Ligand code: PYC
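As a starting point, one isolated chain is supplied in structure tokens, in the form predicted on its own.
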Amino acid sequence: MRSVRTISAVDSHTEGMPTRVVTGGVAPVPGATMAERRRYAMEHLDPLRRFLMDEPRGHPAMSGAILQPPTRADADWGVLYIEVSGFLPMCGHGTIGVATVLVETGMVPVTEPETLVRLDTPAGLVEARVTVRDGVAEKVTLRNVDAFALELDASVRVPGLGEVRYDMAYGGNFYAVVDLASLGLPFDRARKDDILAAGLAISAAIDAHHPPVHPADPLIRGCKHVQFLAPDSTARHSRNAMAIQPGWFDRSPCGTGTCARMAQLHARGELPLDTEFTNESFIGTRFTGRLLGTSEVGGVPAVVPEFSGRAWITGTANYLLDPTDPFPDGFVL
């Protein structure tokens, strides 16, 4: 067995969505902050991302996280988030997967009934409270980065769909929140291809005509996620089909999307602080969340969100690269 690259990882899934947690084989990435490390990785380490996310080692809905030494003294680990679409500033389901892996592999000191894990992410410090019993991570509650509604009642003309109304919200990534019924599509997995095509067209149109930009970090920009709301969605229990560039659905309810949805509802006066909110995925799995307080991000009114979910370890592996492999960076079909 020959290999010119060996990457160690612990694979997991969070409410159905995979997270490949890279635990070894990647040197510390240059940068004084995780945001700077993300910028460096985007410019220099994309082949590594593709090696881990794309086929034949990954698949079209793959997601992962690369563990790094933290850049700040109040964090246990640094994290770079990867998926098929690129390097993310933050990933909610991925953070639940990371926290679960760190606890169940003993990579952080574990206390019961709760272990606090502080993670240094490109979007800021994220705290994970892990409910632990007999060494098992039973639930993870994340205090996420501040979330905010960037635009309400925006619209964009989309080829084949006409004028589409949306709200733009941020919860660690940007999300266009769209009522699915307004497009004449049912919330039905049998119509997933039509829903996905609509999501990709909407996000492409937004980025072509009015891309969102983070008010405090211009590197965080663009809309890769469209959160389609089921017709029966309310401010207490929402169901979504999360269409994501370049062409897949989030299997989980989406952690940063849950925070963005809570921020959007709060901005509309529909979700008060300290009120439980349930977000349900396209496959029926759930996150529960609430808003802890208000804040401000770059002059924009914001909220402090938290949400809870579960993850399960599915395997461990060393991912190898044979020197004769014709696909050293993976491939996309």
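The numbering used is simple: start at 1 and walk along the sequence shown. Bear in mind that the values here come from a model prediction, so they are computed numbers and not experimental data.
A second form of this protein, the form predicted in complex with this ligand, is not displayed here; the remarks below concern that form.
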property: Heavy atom of residue 261 within 4.5 Å of this ligand in the model of the complex; result: no
property: Exercise: residue 187 in contact with this ligand in the model of the complex, heavy atom 4.5 Å; result: no
property: Non-hydrogen atom contact residue 248 with this ligand in the model of the complex at 4.5 angstroms; result: yes
property: Partner proximity in the model of the complex: residue 101 to this ligand, non-hydrogen atom cutoff 4.5 Å; result: no
property: Residue (of 79, 147, 254, 140) lying close to this ligand in the model of the complex, criterion heavy atoms within 4.5 Å; result: 254
property: Listed residue that, although this ligand is not shown, lies within 4.5 Å of it in the model of the complex (heavy atoms), from 88, 241, 117, 198; result: 88
property: Which of 172-180, 212-220, 69-77, 123-131 lines the interface with this ligand in the model of the complex (heavy atom within 4.5 Å); result: 172-180
property: This ligand in the model of the complex - contacting residues of 72-99, heavy atom within 4.5 Å; result: 83, 88, 91, 92, 93
